[in-house]
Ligand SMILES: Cc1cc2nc3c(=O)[nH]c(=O)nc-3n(C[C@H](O)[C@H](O)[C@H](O)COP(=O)(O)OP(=O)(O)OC[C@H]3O[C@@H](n4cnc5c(N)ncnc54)[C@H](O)[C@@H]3O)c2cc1C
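Listed next as structure tokens is one chain, alone, in the form predicted alone.
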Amino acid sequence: MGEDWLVVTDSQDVGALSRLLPDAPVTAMVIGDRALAESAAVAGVAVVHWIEPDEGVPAEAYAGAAAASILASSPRLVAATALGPASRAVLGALAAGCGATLLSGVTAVRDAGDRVEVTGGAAGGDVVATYAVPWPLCALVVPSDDVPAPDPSVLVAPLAATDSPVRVTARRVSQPSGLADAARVVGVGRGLRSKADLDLVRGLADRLGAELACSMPLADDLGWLPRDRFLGRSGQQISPRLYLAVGLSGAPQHLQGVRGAKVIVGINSDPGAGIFRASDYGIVGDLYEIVPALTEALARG
């Protein structure tokens, strides 16, 4: 089996290295500018291969070239975070190209001979699971703000990438979500049955004069709300006076985004839901009964 690789398309990707592969020599594949390549040249990295995107070409357009270069080494383990589309595209191409197992939410790996033991979150982060899978492995890991200091002795080697037919033809700056400065926020999770039912929660938020937010799956997996509306470790982190959590289980990833809230109120049909352990007040019941009742009560003043 060949090399271990780290795919870097964001500075936080580098922090994943020390947590996942603290002792193994690693080869880094960087898609980005020179500063990003140099940030990946840290202790534990043998060499940094670097693809610099052409002007107007998105980083994910080079996923095929990066994957081909990694595949040539018969990789054993390739790690990246899910922060950007380029990292996900590279790992997807690699998993397809070499038949690797692809797992997300990975926090640790252990070499078990002909297999690898993988530790990661399951059930929305409420459970820590351990998997035994065959090599090779493509691992999407949780990003880290703890970025190691660069090591000037590590070689940064530019790679020549083929011209890409993909070009960015327009850019639009999205308007700020308003979550950062909001005094009241209503967050909604997978307890909601359909996108159409967002209007139910939106009505309550309007009555409260609150911003509407969500858990990561509603934004990333389902696309029910924009990505700048999800709260969590890798999303928005807020400090409102009131956070009302509707249909949210209370996964640790999400709770890190609201730990600055002065008052947290949880609404969940499961009395054992983790959200209640983080809440100042809790309401056990069906959100489809409780949310309309609260909205009506607020309307009556």
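Quick note: we count residues from 1 along the sequence shown, nothing fancier. Keep in mind that this is a model prediction, so the values were computed, not measured.
The next section is about a form of this same protein that is not shown, the form predicted in complex with the named molecule.
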* Contact assignment for the named molecule in the model of the complex, among I264, A59, I70, A273, heavy atom within 4.5 Å -> A273
* Which residue among A251, A37, A63, V26 has a heavy atom within 4.5 angstroms of the named molecule in the model of the complex? -> A251
* Are any of the heavy atoms in P217 no more than 4.5 Å from a heavy atom of the named molecule in the model of the complex? -> yes
* Close approach of R233 to the named molecule in the model of the complex, 4.5 Å, heavy atom -> yes
* Going by a heavy atom distance of 4.5 Å, is L20 a contact of the named molecule in the model of the complex? -> no
* **Partner contact for P292 in the model of the complex: the named molecule, 4.5 angstroms, heavy atom** => no
* **One stretch from 159-167, 91-99, 189-197, 73-81 that, in the model of the complex, holds residues within 4.5 Å of the named molecule by heavy atom** => 189-197
* Of 267-301, which residues get within 4.5 Å of the named molecule in the model of the complex if you count heavy atoms? -> I267, N268, S269, D270, A273, G285, D286, L287, Y288
* Against the shown form, C-alpha atoms of Q237 and D10 in the model of the complex: closer or farther, for a change of 3 Å or more? -> closer
* Relative to what is shown, are the Cα atoms of V7 and L218 closer or farther apart in the model of the complex, where the gap shifts by 3 Å or more? -> farther
